[in-house]
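Take a look at this single chain in C-alpha cells; it is the form predicted on its own.
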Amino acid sequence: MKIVKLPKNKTNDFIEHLQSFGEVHAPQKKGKKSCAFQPVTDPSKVLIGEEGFLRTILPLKKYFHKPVDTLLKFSPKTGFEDAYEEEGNKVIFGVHSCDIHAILSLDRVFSGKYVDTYYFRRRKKVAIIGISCVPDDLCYCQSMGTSFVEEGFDLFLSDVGDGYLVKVGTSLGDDMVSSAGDMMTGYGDSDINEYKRRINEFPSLFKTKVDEADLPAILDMEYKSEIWEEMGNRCFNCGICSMVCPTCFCFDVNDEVCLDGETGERKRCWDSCLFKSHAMVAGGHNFRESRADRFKHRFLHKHQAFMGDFGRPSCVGCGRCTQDCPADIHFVGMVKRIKDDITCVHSGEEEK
C-alpha cells in the first residue's frame, strides 16, 4: 500500500486540487448544530479531523440510493423510457470508517440476485476519501468492527498531529496524490510513532461499548419478550432512524400521473419498515399491524437477519439513530437489555 503525508497547512490546497477529479463534496455546517455532505465552494468551511464533525445528518447513501429517484417516464406515444440522468464525477471528502463500511454493506445488498443498476451507475462515478476521527458518547463502531477500514476508499487520511498519513487505496487515489505535486511529502519516524500511538490509544477512547456475541440466538429466544411491547409503545414509528441509518435501504415505488391523465413518472423513494404502510398488502391486511411488531422487525433485521445473509450485522455503530430519535431510544441500551447486560458503559443506557 502506498502511503504519503499531507501537511495540514496544505489541506485546503489539496481539496481545491481534487476539483479536477470531480465536484468535491464534504461535511459543512448546516444550521447551528448539524452538518451535511455538501458541494465545496470554500475549502476553509470544510469540517475535518478532531476539530470537525462526527456525523452528518444523512450518510453517503443519499448519493447512490437517492431519497427520491425517478426511474421511468411514460406516455401513450413513447411508452416507458429510462429517466436516469447522467451525473458528473464526484469526490466525497472526509468520510469516516463506519460510513465507508456502510457503503460496502449497501454494495453487497444492491449487487445481489437482481443488480440495482441505478445504484451502481452512480456508485462508479464517486470517489471516496476517508479520514480518521475521535469518537463521542454515541459512537460504538469499535464494538461493531467498523472503526478501521482497509477497503472501499480511494484515499484515507489518518491524523498524525501536524499532518495526515494518506493511504492510497485505488489507482484513482494514486492519480490524486501523484498529481498533487509538492503538497505531498514523505513521512518520517516521528510520523510512524505518532500513527501507532493513536492506533493503540483509539479503542480506549470509546465510552459506549456493546457485546453482540451470540445476539442472533438470544433474539430468537427472546422473540416474545415483553420488551418489544414496551418499546413499541414508546416508539413513534416516525421512521427517522431508518432515514438517517447509513445501511437502511428499503424503498417504495409509485407511479405519479400528470394532470393530463396519460403521462407520468415512476418514482422510488425511501421507505421504512416502521411505517404502517410498509407491510400493507392487498385487501388492507397488514402482517405487522402493531407498532411493537414493526419495532421488533427493524431491530431483528439489523442484528439478526442481515447477519444470516451477509455474515455481519447491518449496524455500523455511527450513533445517528440514537442521536435523532425523538422518543429518546438508545439502541445500544436495547442490545444490553436483550442480553441482560447491566454493565452499561454509557450513562443512562439502562433507562433508555
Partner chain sequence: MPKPKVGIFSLTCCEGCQLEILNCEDELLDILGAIDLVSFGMAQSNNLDIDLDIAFVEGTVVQRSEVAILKKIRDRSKLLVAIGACATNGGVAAIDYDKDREELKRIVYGEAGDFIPSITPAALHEHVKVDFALQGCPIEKHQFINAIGYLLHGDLPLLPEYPVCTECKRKENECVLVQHNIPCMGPITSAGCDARCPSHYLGCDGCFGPVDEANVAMEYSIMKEKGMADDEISRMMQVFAAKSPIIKGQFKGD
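Residue numbers count along the first chain shown, from 1. This one's a predicted model, so the numbers in the text were calculated from it and none came from an experiment.
The next section is about a form of this same protein that is not shown, the form predicted in complex with the partner chain.
Asks: If we take heavy atoms and a 4.5 Å cut-off, which stretch out of 158 to 166, 270 to 278, 87 to 95, 172 to 180 is in contact with the partner chain in the predicted bound form?
Replies: Within 4.5 Å of the partner lies stretch 270 to 278.
Asks: The partner chain in the predicted bound form: within 4.5 Å of a heavy atom of each of 34, 37 and 58?
Replies: Yes: 34, 37 and 58 each sit within 4.5 Å of the partner chain in the predicted bound form.
Asks: Exactly one of 255, 201, 211, 136 has a non-hydrogen atom within 4.5 Å of the partner chain in the predicted bound form; which residue is it?
Replies: Only one listed residue qualifies here, and that residue is 255.
Asks: Let me know the one among 190, 185, 225, 233 whose heavy atoms come within 4.5 Å of the partner chain in the predicted bound form, would you?
Replies: By the 4.5 Å heavy-atom cutoff, the listed residue in contact is 233.
Asks: So, in the predicted bound form, is residue 54 in contact with the partner chain at a 4.5 angstroms heavy atom limit?
Replies: So residue 54 does not count as contacting the partner chain.
Asks: Hey, in the predicted bound form, does residue 30 get a heavy atom within 4.5 angstroms of the partner chain?
Replies: Residue-level check for residue 30: yes, a contact with the partner chain.
Asks: Find out whether any non-hydrogen atom of residue 16 is located within 4.5 angstroms of the partner chain in the predicted bound form, and reply yes or no.
Replies: Looking in the predicted bound form, residue contacts with the partner chain do not include residue 16, since no heavy atom lies within 4.5 Å.
Asks: So in the predicted bound form, does any heavy atom of residue 237 sit within 4.5 Å of the partner chain?
Replies: Residue-level check for residue 237: yes, a contact with the partner chain.
Asks: For the stretch 287 to 316, I need every residue with any heavy atom inside 4.5 Å of the partner chain in the predicted bound form, listed N to C.
Replies: Residues within 4.5 Å: 289, 291, 294.
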